[in-house]
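Single chain ahead, written as structure tokens, the form predicted on its own.
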């Protein structure tokens, strides 16, 4: 069974259905980019994958023993969160909360895992710095390290490069690709950046309050959707 399977799933609120006709599967090791305009259902799908919202109809299934609290999640940051007055190591360690059980304190293993993930992302030397003093790119690396502390299977990333300059954007995309290819982590990334989605992902899911496309970037580029959003079909 796939890591995540959506079968005729529809998600919504009291005001109505926001995303319908969801039929796709994410296998272990996949890199899926979810794209679409504002209000197309991307955020609602994230809530469904995190089990914060159950389908109105259809089903969202998890395989390989995956639990919702074992998904490493990197949400969009608010301005207040960017000014959070905590140490970098403290922020990264908070990703181990779901692993603590009833323990009141983080264990030696928790701290070792946090440091390993920070080193992996090139921010080990910043462990004693204040989070709010970091650059935007460094903050996103810290939050990515935090998400890694929660999972060994799946990372769910919501607009991870929003607000970053071009160099920091490229560096973060490269790190995410490294985690997918070398660490074999499954990636689901929500993005407005369709060009980069086509460049990095191995599957594209395009939403427009319903599933408009699911498949490979090569096939996506041949669709009218891609021609409209990218200005014409292109080679990958």
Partner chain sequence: MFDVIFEMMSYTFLVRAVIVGLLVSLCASLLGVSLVLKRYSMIGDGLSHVGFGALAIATALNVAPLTVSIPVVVAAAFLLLRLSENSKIKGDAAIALISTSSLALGVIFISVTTGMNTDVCNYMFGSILAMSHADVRLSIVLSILVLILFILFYHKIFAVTFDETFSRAVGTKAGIYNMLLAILTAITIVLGMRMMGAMLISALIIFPALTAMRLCKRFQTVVIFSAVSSVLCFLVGIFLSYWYSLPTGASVVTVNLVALLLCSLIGVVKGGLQKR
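Positions refer to the first chain, counted from 1. Just so it is clear, the structure is predicted and the values come from calculations on it, not from any experiment.
One more form of this protein exists, namely the form predicted together with the partner chain; it is left out here, but the text below deals with it.
- Taking the partner from elsewhere, residue 146 is found to have a heavy atom lying within 4.5 Å of the partner chain in the predicted bound form.
- Though the partner is left out of this view, residue 69 does reach within 4.5 Å of the partner chain in the predicted bound form, counting heavy atoms only.
- Shown alone here, residue 83 lies within 4.5 Å of the partner chain in the predicted bound form, counting heavy atoms only.
- The closest non-hydrogen atom of residue 124 lies beyond 4.5 Å of the partner chain in the predicted bound form.
- Residue-level contacts in the predicted bound form: of 164, 91, 134, 113, one residue has a heavy atom within 4.5 Å of the partner chain, and it is 91.
- Looking at 28 to 66, the residues that come within 4.5 Å of the partner chain in the predicted bound form, counting any heavy atom, are 50, 52.
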